[in-house]
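One chain is shown next in structure tokens, namely the form predicted alone.
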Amino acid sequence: MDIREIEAAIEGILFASGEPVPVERLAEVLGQDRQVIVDVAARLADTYASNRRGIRLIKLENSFQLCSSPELADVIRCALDARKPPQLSQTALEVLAIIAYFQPTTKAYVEQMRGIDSSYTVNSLLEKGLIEPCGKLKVPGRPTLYRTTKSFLRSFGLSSLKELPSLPDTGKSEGQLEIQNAINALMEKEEAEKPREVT
């Protein structure tokens, strides 16, 4: 396969999938080296962005996905007659920040950090697909561990968790300040990247 055929194949697979597709899967299906896939996908992403196309190719950790251009979010919403997605509440952002920064973590840890029951909010974030269960903690009672999802990354315009703003290096007594800073950073990110949210 030449480069243009690989580009076309990646584009077709991502369009048909509608979901993130792992780089390894693309490499396997197309019989190409992983780095070739990464390079071709990066070239495609640059082409979409520089030509101001209506779609974008984004990287989510070790996967790629096609999505609509964030600049066109309002027009797309209007055309599809979809209502604007609700913003997350302060409580939801607080819980999400704790899970994002301390994952995998338990509901009990979230509640310990917040000092209040967080069952409803954790369930709400699960329903929105921003967090997911990822195993059980090996302690009595085997509480569920939670982590963020690719939808979380998409919603906040992140390619990976490494792009989260870093927390200040403070002691445990400053935990609430760390979380508040994290919440503020997530709120700024959500505001800046709002068009990327998909309902």
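Position 1 is the first residue in the sequence shown; the rest follow in order. No experiment lies behind these values; they were computed from the predicted model shown.
Keep in mind that the form predicted in complex with a further copy of the same chain is missing from the display, and what follows is about it.
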(message) Please tell me whether any heavy atom belonging to Gly54 falls inside 4.5 Å of a heavy atom of a further copy of the same chain, as the geometry stands in the model of the complex.
(response) yes
(request) Considering only heavy atoms, tell me if Ala42 and a further copy of the same chain come within 4.5 Å of each other in the model of the complex. (result) no
(request) Would you please decide whether Ile3 lies within 4.5 angstroms of a further copy of the same chain in the model of the complex, comparing each non-hydrogen atom pair? (result) no
(message) Using a 4.5 angstroms cut-off on non-hydrogen atoms, would Ile13 count as touching a further copy of the same chain in the model of the complex?
(response) yes
(request) Quick one: name the residues from 16 to 43 with any non-hydrogen atom within 4.5 angstroms of a further copy of the same chain in the model of the complex. (result) Ala16, Ser17, Arg25, Val29, Leu30
